[in-house]
Ligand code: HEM
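To begin, one chain is listed below as structure tokens, in the form predicted on its own.
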Amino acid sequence: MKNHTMDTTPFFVLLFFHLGFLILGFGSVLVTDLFGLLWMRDHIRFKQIVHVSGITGYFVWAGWFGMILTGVPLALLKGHVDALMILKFFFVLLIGLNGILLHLHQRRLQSFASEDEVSDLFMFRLGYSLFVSQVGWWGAILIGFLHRHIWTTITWPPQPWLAVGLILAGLLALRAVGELYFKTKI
């Protein structure tokens, strides 16, 4: 089923900017995560990841806010919110809330000196937040792709709020297990 308001000039103009903000935000996330992975594997110096994450953080937020500003009118032009769109809104909210945690982690990284040993607990928290970031971004991107190129109305999952609850419960359980493991390891 194709929605004809999704074939109008305003829709394509908004979609162009939406995708531009996606490239800016998610591209910056990927650069930051790549540098973080390189640092965690001792391929780059500590100061490099602190510097890179300090710069890319601005681009991530600009991209995320830009996607919100263009995504709301896109949803309004679509004319309805289906079950999978509720999941997409959850992923977008998850990205923003997790971004606040990542910002706090980045500030904590700045407080470390190069020779300081970073605790396993902090490394878990950082890695977990990076994982949640990837889940949120990829989930929202996949749903956006499905809505634009496969179906404009998707009735799956039949109970989207249950799916949101299960995803959130899974993420919180993973966090709790990691926190418990690394706190007892200290």
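Small disclaimer: the values here were computed from a predicted structure and weren't measured. All residue numbers refer to positions in the sequence shown, first residue = 1.
Heads up, the form predicted in complex with this ligand isn't pictured, but that's what we're talking about next.
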Contact stretch among 118-126, 136-144, 157-165, 42-50 - heavy atom within 4.5 Å of this ligand in the model of the complex:
136-144
Considering non-hydrogen atoms and a 4.5 Å limit, does this ligand approach Arg175 in the model of the complex?
no
Taking heavy atoms only, is Ile95 within 4.5 angstroms of this ligand in the model of the complex?
yes
Using heavy atoms and a 4.5 Å limit, would one call Ala75 a contact residue for this ligand in the model of the complex?
yes
Given that this ligand is not shown alongside this chain, does Ile68 nevertheless sit within 4.5 Å of it in the model of the complex, heavy atom to heavy atom?
yes
